[in-house]
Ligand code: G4P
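Coming up is one lone chain in structure tokens, specifically the form predicted on its own.
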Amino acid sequence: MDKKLTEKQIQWYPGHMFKSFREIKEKLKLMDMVMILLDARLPLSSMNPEILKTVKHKPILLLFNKMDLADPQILNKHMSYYQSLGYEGLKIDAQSQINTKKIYDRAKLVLKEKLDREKAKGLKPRPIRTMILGIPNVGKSTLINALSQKKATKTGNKPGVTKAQQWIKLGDDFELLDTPGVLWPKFEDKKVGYHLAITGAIKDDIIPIDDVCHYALDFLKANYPKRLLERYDIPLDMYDYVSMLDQIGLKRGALLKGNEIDYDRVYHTILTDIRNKQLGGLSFDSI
């Protein structure tokens, strides 16, 4: 099997994403700051470089979402890396609302110089206007609902649920412009495509699922071999891809008539287990 992604497979730029990227640029002048939501499991792969280039002149707060799904030690290294570049960051989990109440205070910290200048000029306090940006399925809608304490946006577990921009009032002091998730037209590093596919940021049919699972098992075997042993009884000295698939199929009962392995079920078992933390906290970007 050829594991290399083809040029066609790694390009995914739906029309609404091109439109929303243009609108982001137009609305940016209204913003006091920008919040960029990253997947804590892949803080490099989930950072849209085009977004970063566009908003670099604005104060930025990085939010590392799904912190509970990440390897905590590696996540801390990523946070230190971004801090060394001058970015303020905060680990959160929007689903369980861990640290979400700290976002407003952290936003004021990012804007401290600007707010102090306005106060010195005698200007009246006003709501902070911010934009929340991120790739699809990173948890933007879930976070906004947590901040507003109501269902302000439509949420879903499929990438691309949010299709239009909307202003959301988060109390008297915070106004947020939600935007659809935006990917970039081409992944220069093919590993980025695999990481986004494994975690569900791009649709499961964009890259062949067999390729995605092959990459995932190779990665887990190299970095988290004991997790494979604990979950699927895969021996530490087993490196053959098909043998690992067979073992997972046997362990999880993914069998067809005649006790043949149902590989489609095995593929979905692997991805579901990764995404639901059945293999523990995982980090896919090295640092």
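Computed from a predicted structure; not experimentally measured. Residue numbers here begin at 1 and follow the sequence given.
One more form of this protein should be noted, the form predicted in complex with ligand G4P, which is absent from this view; the next part is about it.
Proximity to ligand G4P in the predicted bound form, taken as a non-hydrogen atom within 4.5 angstroms, holds for one residue of N99, S148, Q166, Q95, which is Q95. Comparing 190-198, 76-84, 205-213, 134-142 against ligand G4P in the predicted bound form, the single stretch with non-hydrogen atoms within 4.5 angstroms of it is 134-142.
When ligand G4P is considered in the predicted bound form, N65 lines it closely, a heavy atom lying within 4.5 Å. Ligand G4P in the predicted bound form comes within 4.5 Å of no heavy atom belonging to M244.
Put simply, L69 is close to ligand G4P in the predicted bound form: some heavy atom of it is within 4.5 Å.
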